[in-house]
Ligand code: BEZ
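Here we start with a single chain on its own, the form predicted alone, put down as structure tokens.
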Amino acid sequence: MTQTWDPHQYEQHGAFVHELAGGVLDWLAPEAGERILDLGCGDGQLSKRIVAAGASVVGLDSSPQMAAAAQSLGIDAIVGDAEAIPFVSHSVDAVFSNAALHWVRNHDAMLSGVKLVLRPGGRFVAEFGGFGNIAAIRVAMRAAIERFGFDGSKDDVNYYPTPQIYTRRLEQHGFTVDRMALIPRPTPLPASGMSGWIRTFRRGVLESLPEGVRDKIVEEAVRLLAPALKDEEGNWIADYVRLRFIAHA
């Protein structure tokens, strides 16, 4: 199972991802003249903000559709794998990533690649799902999938580490960790609510299941989640927890 992306669906149901990324951009603090790799650049919305600061940005994303969306914004975006970064050694001043690293399967390969492409002293600044991220959603999705007779582990598609574990992992690859924070961030969802979230961020999970049960699984997960994540006015608030760090090569 691999996650698939539709830029139009993502903008409709997931625009909050780049809209809430001000904190990690502040940690990056891009400067004019720097060359920055945006790892998992998605549709290029954050790449565009980095360019506006005067830096030169190259985006890398595994989704051809998302890379094309970034290119439509004028971003130099290429299709590629975070576990095999296709860049020359010591060629960038910083590597930046937002809401992408929890999709990476082999973090050791990714971290080796990031260390290789950074210039000596270059910085790695990222934010992604941390320990406890979408805990209720994950439990509900697993329960809904199993209720219809399928393997609930199909929803185990992300990596959400603790700060302690990820600090050690970075250090094992030769990074010095300057700051690391686990940030609870309850996140209001757009009008499409939890159904729109599941159909966007669990699209790959749903596509791995028979078409006839997909809507039923979404409906069951939404039913299970309503008491915990839907407020009295009908607004959905996702139980996000983010891990943000800055480290130097």
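Treat the numbers as computed from the prediction; the structure is a model and nothing was measured. Numbers follow the displayed sequence, beginning with 1.
Although not depicted, the form predicted together with the named molecule is the subject of the following passage.
Contact check for N158: a non-hydrogen atom falls within 4.5 Å of the named molecule in the predicted bound form. The shortest heavy atom separation between W103 and the named molecule in the predicted bound form is within 4.5 Å.
In the predicted bound form, Y240 approaches the named molecule with a heavy atom inside 4.5 Å. Contact annotation for A99: at least one heavy atom lies within 4.5 Å of the named molecule in the predicted bound form. Partner contact region in the predicted bound form: 126 to 134, out of 165 to 173, 126 to 134, 144 to 152, 70 to 78, criterion any non-hydrogen atom within 4.5 Å of the named molecule. Counting a residue when any of its non-hydrogen atoms is within 4.5 Å of the named molecule in the predicted bound form, there are no hits in 217 to 233.
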